[in-house]
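The chain below stands alone and is given in structure tokens; this is the form predicted on its own.
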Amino acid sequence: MMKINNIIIDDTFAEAFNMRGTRVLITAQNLKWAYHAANAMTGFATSVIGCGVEAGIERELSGDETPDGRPGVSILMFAMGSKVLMQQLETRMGQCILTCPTAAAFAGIESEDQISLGKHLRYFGDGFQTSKVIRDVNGMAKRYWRIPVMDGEFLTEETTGMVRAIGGGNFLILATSQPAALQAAENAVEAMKQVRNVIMPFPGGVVRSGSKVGSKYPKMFASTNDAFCPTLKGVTNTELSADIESVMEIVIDGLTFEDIAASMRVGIEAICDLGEASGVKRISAGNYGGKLGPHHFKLHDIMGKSNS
């Protein structure tokens, strides 16, 4: 048995699946408006089960990190396939970034696979749009579009990169009360936000409605994870001991396996630092017997083999 600060780490793994991902850099007159654009862009993007994409804010950017020298934020978007990702990116660009005062959008990732940022959105300019090709420090040519809008101009890069990514890394926090589970989850998310190349797409980074693969209803391909529902201890094959009254899950999408594993380690460490007095008893993960995806994040490997 592995214990860290008297919190049990289950000998299990989180299953994750293949996705396609991209990054967009959003800048504006100030961070307030960059966040307005980014929050709109990443809205209704918690799970591909119902939202099409999973998206979130990765981090803030200083003017030294952006193409136009203004403050901004980077966002990551993930989808199950290239077509969906391209469609969602174009739709959200048009409805959330083009419409936001002072906002601009730029490519945030390099890849041979390119998808549209402003390539088609330029037609909103109704023939008044203009473009310019600029070579970066590596000599790579990049095309930018300037689209006239009522506050001046909307500047956007023509394309951004699309890469292979992973979605669905996760861990479960088992605690003696709902407040204890939520406080531990909040601590974990704050620590995980310091890790680059990952997002936690659910509200506040936390999901209470963890799901399992399949359902008693034929049309449902996912349903409540009854084994981890405290109110079902007496009527299902539960994974919970008598003292567990609340379970919270943190789901992570990332650009690589290593990124997600690093994020999980940081989050679990932040919880274990609270100790058993916090009310947290165990850390587990969404293990579906290999039915969900090929990427297995083994908790004991991530946290180290030895007890502490």
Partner chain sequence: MNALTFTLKKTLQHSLNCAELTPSNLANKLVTEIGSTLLQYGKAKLRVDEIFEITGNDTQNIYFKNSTEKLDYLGANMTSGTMQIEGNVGAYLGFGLKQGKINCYGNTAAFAACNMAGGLLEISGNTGDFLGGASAGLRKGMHGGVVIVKGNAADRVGDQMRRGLILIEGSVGEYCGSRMIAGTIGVLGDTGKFIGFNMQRGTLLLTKIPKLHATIQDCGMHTLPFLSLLFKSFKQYNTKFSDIKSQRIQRFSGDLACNGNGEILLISP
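Positions refer to the first chain, counted from 1. Remember, it's a predicted structure, so these values are computed and weren't measured experimentally.
The protein also exists as the form predicted together with its partner chain; that form is not presented, and the subsequent description refers to it.
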property	result
Heavy atom of I134 within 4.5 Å of its partner chain in the predicted complex	yes
Its partner chain contact at Y144 in the predicted complex, heavy atom, 4.5 Å	yes
Interface membership of E153, its partner chain in the predicted complex, 4.5 Å heavy atom rule	yes
is_contact(F106, its partner chain) in the predicted complex, heavy atom dist at most 4.5 Å	yes
Interface stretch in the predicted complex with its partner chain - options 48-56, 61-69, 271-279, 249-257, non-hydrogen atom within 4.5 Å	61-69
Contacting member of S215, S209, S82, T130, with respect to its partner chain in the predicted complex [4.5 Å, heavy atom]	T130
